[in-house]
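To begin, one chain is listed below as structure tokens, in the form predicted on its own.
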Amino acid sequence: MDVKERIDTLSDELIELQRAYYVDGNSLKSDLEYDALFDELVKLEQEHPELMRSDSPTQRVGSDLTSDFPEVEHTIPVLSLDKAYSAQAVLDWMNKSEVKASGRLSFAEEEKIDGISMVLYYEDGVLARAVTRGNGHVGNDVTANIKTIHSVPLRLPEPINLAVRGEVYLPKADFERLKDKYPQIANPRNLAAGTVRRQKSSEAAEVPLDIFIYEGFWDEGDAPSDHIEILSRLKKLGFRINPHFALFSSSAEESRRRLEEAGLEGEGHAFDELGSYLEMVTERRQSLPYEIDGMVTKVCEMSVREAFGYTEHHPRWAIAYKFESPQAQTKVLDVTVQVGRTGRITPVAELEAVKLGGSTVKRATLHNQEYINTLELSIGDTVSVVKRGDVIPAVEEVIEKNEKGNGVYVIPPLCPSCGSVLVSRGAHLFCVNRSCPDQILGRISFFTGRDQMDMESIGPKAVQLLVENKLVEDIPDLYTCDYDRLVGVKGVGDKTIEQFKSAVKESLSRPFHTVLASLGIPEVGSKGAEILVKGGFDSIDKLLEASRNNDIEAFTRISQVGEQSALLIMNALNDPVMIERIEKLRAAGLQFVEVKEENNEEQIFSGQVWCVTGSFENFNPRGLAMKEVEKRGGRSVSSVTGKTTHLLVGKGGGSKKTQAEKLGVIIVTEEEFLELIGKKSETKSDKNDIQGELF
């Protein structure tokens, strides 16, 4: 056997093994046997690069060569879907479709994978291009990165021309495993989106993306007659089809018969079972190994699809049932850029004002450039806006592209606050100028914030006042500046100045874990600080010593601290600027050693999960109330979820209270809480609200 024949034999065998493992879930050879075949093919291709096939299995590992993503025109319609937000709305749409078609129809019900839409183009049976959705007419060529996905066939068993649509996603378990490596990525979808657009396909290969294919487009003479035949043919061609789908027709028996004849694993139902089916899907949603955000209902009959056609936005023969209704739709007027306390850049959509959750929203976060690219968002687009956790408005989806031809928005290369060149770190851009005005304001405001040192009278506007009057340039200056220099400044009275002084003095009594959480160290919020203290780091000196010695094991031996988190913490604590800041705060009298308190309290809150919102007369900072909970056996959390049992509500409690009421969480007032823990109220009658005097 000559070299070319051996390369062909190895390639064909490995392709079959990959398909069996990644598509069918069958392992035909041991890992050792597979690796031996793969290594032999790699060696032969390195020695004879001219003999490497375009569909070689070795392309799964990607290349270290950088690549751009040229724009490619789609040859098939790549549109969005019309939306429905109840089972009844889907049924109404199905009934209207049958009336329009003047006859009985059948409908496929498929999971709407929360991933990245992708079109694969095959020429003579070989993968030629993988293209993002783009604006529905033009997308980006990301072929090299998509070839690293093992379940994507590089060559089909038939030499046909074919376009298929699918959804690229990252399984939940893999995202959990990779979270420490990519701490800046919020969810599986964002990591999948960033991976698809990696400049080096070898880096894309490090993230185990997968894909489900759900539509195929054949030449007219060879087109299937219905959607079930489409799925059946796609499966036979080696594409990975999602088995979690259902066929609805006039009877469950007919649906099951058609699926069996097509060799598909889906469920067969009658029309009147749709409501219960959607309820079942909603309930099992959390147990799936991947994220879904709805279901898609499609007319099966291809002749009816052709007759129904398309609008400029969506096919008339399909509709998406969304689990959560978008609260509002509006237009993106502009995109501005914010600079955070760490220098991280966050793009913000400036919106045409719209009512959302009881308030008027004019701005919504766009997270980062990768998120914008995933949405393929342009200025002028019509978008859906939701409130993440009922708090932060975010652009969720592009509903309709702008008519001006605006391209996908790109964040400018310079910091909008100081003009420094932005630097890419992971999924985000950063301004690395420590003296950037927005970073200074952010750092100090974070330190004084309610969930950190809780210096109630020194909020963001007060910080801005202090910085603008050159009294404060960094956090330690809060403890050394002469607040009396504010006398005569417009809007600042004697009471305001005294409140500033009082807030600073009171903060000196905050425990070490609160001070630690307020320094802005990556991965060290309130919970992170408590984990470190309980894990043995009960003083700042122990943390500094471990960081100075690069003793990563001192951190990772704590079960909740991963290697990536440990590295981020050590890097921050080895920063000379951070070290100087800590020493100045130590000199000012802040607590840098955790003082253990004896706990003889009855464990009345054992098994309970408490959250807190608002401000209090007797617990300043309000974290002191959660300490009372923890001393009595309870657990405190930062947000209201289905596991929260109690919410302690003070003055000004907002969205958390609303969420608690929705979830049936027990709401407790400050007076009721004091009674539970057996303490009397110590109301501070001389406490003034700075809002009335300064702002």
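Only a predicted model underlies this, so the values are computations on that prediction, with no experimental measurement involved. All residue numbers refer to positions in the sequence shown, first residue = 1.
The form predicted in complex with 2-(butylsulfanyl)adenosine (IVH) is left out here; the points below concern that form.
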Check your understanding: in the predicted bound form, do Leu79, Glu215 and Pro315 all put a heavy atom within 4.5 Å of 2-(butylsulfanyl)adenosine (IVH)?
Key -> yes
Check your understanding: Okay, which stretch from 534-542, 346-354, 567-575, 80-88 lines 2-(butylsulfanyl)adenosine (IVH) in the predicted bound form, with non-hydrogen atoms inside 4.5 Å?
Key -> 80-88
**Study point:** 2-(butylsulfanyl)adenosine (IVH) contact in the predicted bound form: Ala173, any heavy atom under 4.5 Å
**Key:** no
Check your understanding: Hey, in the predicted bound form, does Asp226 get a heavy atom within 4.5 angstroms of 2-(butylsulfanyl)adenosine (IVH)?
Key -> no
Review point. According to a 4.5 angstroms non-hydrogen atom cut-off, is Ala364 in contact with 2-(butylsulfanyl)adenosine (IVH) in the predicted bound form?
Key: no
**Study point:** Distance check, Ile552 to 2-(butylsulfanyl)adenosine (IVH) in the predicted bound form, heavy atom within 4.5 Å
**Key:** no
Review point. In the predicted bound form, which of the listed residues (Asn140, Ser615, Thr496, Ser117) lies with a heavy atom within 4.5 Å of 2-(butylsulfanyl)adenosine (IVH)?
Key: Ser117
Exercise for review: Could you check which residue among Cys431, Ile113, Val332, Val299 gets a heavy atom within 4.5 Å of 2-(butylsulfanyl)adenosine (IVH) in the predicted bound form?
Suggested key: Ile113
Review point. For 148-178: residues with a non-hydrogen atom within 4.5 angstroms of 2-(butylsulfanyl)adenosine (IVH) in the predicted bound form?
Key: Arg165, Glu167
